[in-house]
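This document opens with one chain alone, in C-alpha cells, the form predicted on its own.
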C-alpha cells in the first residue's frame, strides 16, 4: 500500500532535512506535493515545483537564469568548486552558453559519433566476456560506471593508462551539488577540481605536441576555440571537466536503474529479449520512471508567474524532474513501469536551450549496454539487497549485485 503523506509533512517539507525513507522512495512525497502544494516554498525561501507543466514552463522561460554565482558563492565560497560550477556550460547563460554549446552539439550528434559507438560496442562486449563467467558481479562498479568513463575518455583522448582517477573526481565534484553540503564533501570536491585541472593542463600540452588524430576529438575542438580567442584557459579547462561530469554519473545511473527495473519487471525483460527493438522505449521509460537526475535549478531574472504564484527576481527555483515525470496529468498510471508508453514526454534531459547536450550519446550508451547485457544474460537476478547512493539530486545505485543466469541453466 502506498503511504499517504499528511498536510503537516508537506507544509514542513525541506530538501535539506529529508524525512525518513525519502531516499529509498521519494515518489509518495512528490505526489503529495503535486496534490497539496505544487509550488512549495522551502524553508530556505526557494520554490520547489512538482507539476510537469510548471517545470516545463520554467525550462522554456526567458525570465529565468542558469547563472549560479549568487547561489553558489555562499555555499562554496571563493573555492575551486565555485570557479568550476560557475564556468561550466550547464550553469551559464547566453551568449557564452550558446557559443560553447554549439561546439559540443556538433561534436555529439549521432552521425558524428559513429566511430565512438563502435568503440563502445567493443568495450561492452569485452566487459561482458569476463563478467558472465563470474558467480556474481556489481553492476555499478564492474559495468555501468565503466561505460561512460570509457566514452568520455575517448572523446577527450585521455590515454587508457590515465583513466583511473576520473570517476573519483566526477563523483566528488557532483556530490557538492546536493542540497546539503558537509565539510568533508566540500573538501573532497575542491580537491577533485584542483587535481583534475592539473591533469588537464598536462593532457592539453601533451595533445598540442602529440595530436590524437582520432574522430570525435572534442578536446581538439575546444583547444582550437581557445587558440582562436573564443575560450579563455579557465573556460577550456572547466568545460572539459563538465564533459566528464555531465556524461558520467547520470549515464551510470541510467544503466543501473534500467537493469534494476528489468530485473524486477520480468515480463518487460522477456519482451525485450524476444523483441530487442523495444529497448529504445524501455530506455525512455527508465528515464521517466527512475530519472537519473531528479532536480534542476534556475534563478528568477524577471518577475515570473508560475501556476498563479508570482516569483520575484532573485528567487531560486528547484525543478522537480523526478516529480514531474510521475505527473498523472501527463502520464497515465504514472507509477507503473511501461516500456511501450507513448507518448513519453519526460523531462529527464530538461528542455529549452539547456536541454542536455549529450542526450543522444546517453541514449546510445544505455541502448548498447542493455541490449548487449540481455543478449548475453536474458535472465538476471539481483543477488543481494541493492544499495542506493545517498543522494537527492542524482538518483542511482551505489551497489547492485547481479547473479548471471545463463540460458543453459534453464535447459
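All values reported here derive from a predicted model rather than from experimental measurement. Residue numbers count along the first chain shown, from 1.
Although not depicted, the form predicted in complex with ligand HEM is the subject of the following passage.
In summary, the region of this chain contacting ligand HEM in the predicted bound form, judged by heavy atoms within 4.5 Å and restricted to 185 to 193, 267 to 275, 123 to 131, 104 to 112, corresponds to 104 to 112. Think of it this way: in the predicted bound form, ligand HEM has a heavy atom of just one of 172, 317, 89, 200 within 4.5 Å, and the residue is 89. For the candidate set 177, 147, 304, 243, a heavy atom within 4.5 Å of ligand HEM in the predicted bound form is found for exactly one residue, namely 243.
Contact check for residue 256: every heavy atom lies farther than 4.5 Å from ligand HEM in the predicted bound form. A residue is said to contact a partner when one of its heavy atoms sits within 4.5 Å of a partner heavy atom; residue 348 meets this definition for ligand HEM in the predicted bound form.
In the predicted bound form, ligand HEM sits within 4.5 Å of a heavy atom belonging to residue 357. Taking the partner from the other structure, ligand HEM in the predicted bound form has no heavy atom within 4.5 Å of any heavy atom of residue 64. Counting a residue when any of its non-hydrogen atoms is within 4.5 Å of ligand HEM in the predicted bound form, the hits in 277 to 302 run 287, 292, 293, 298.
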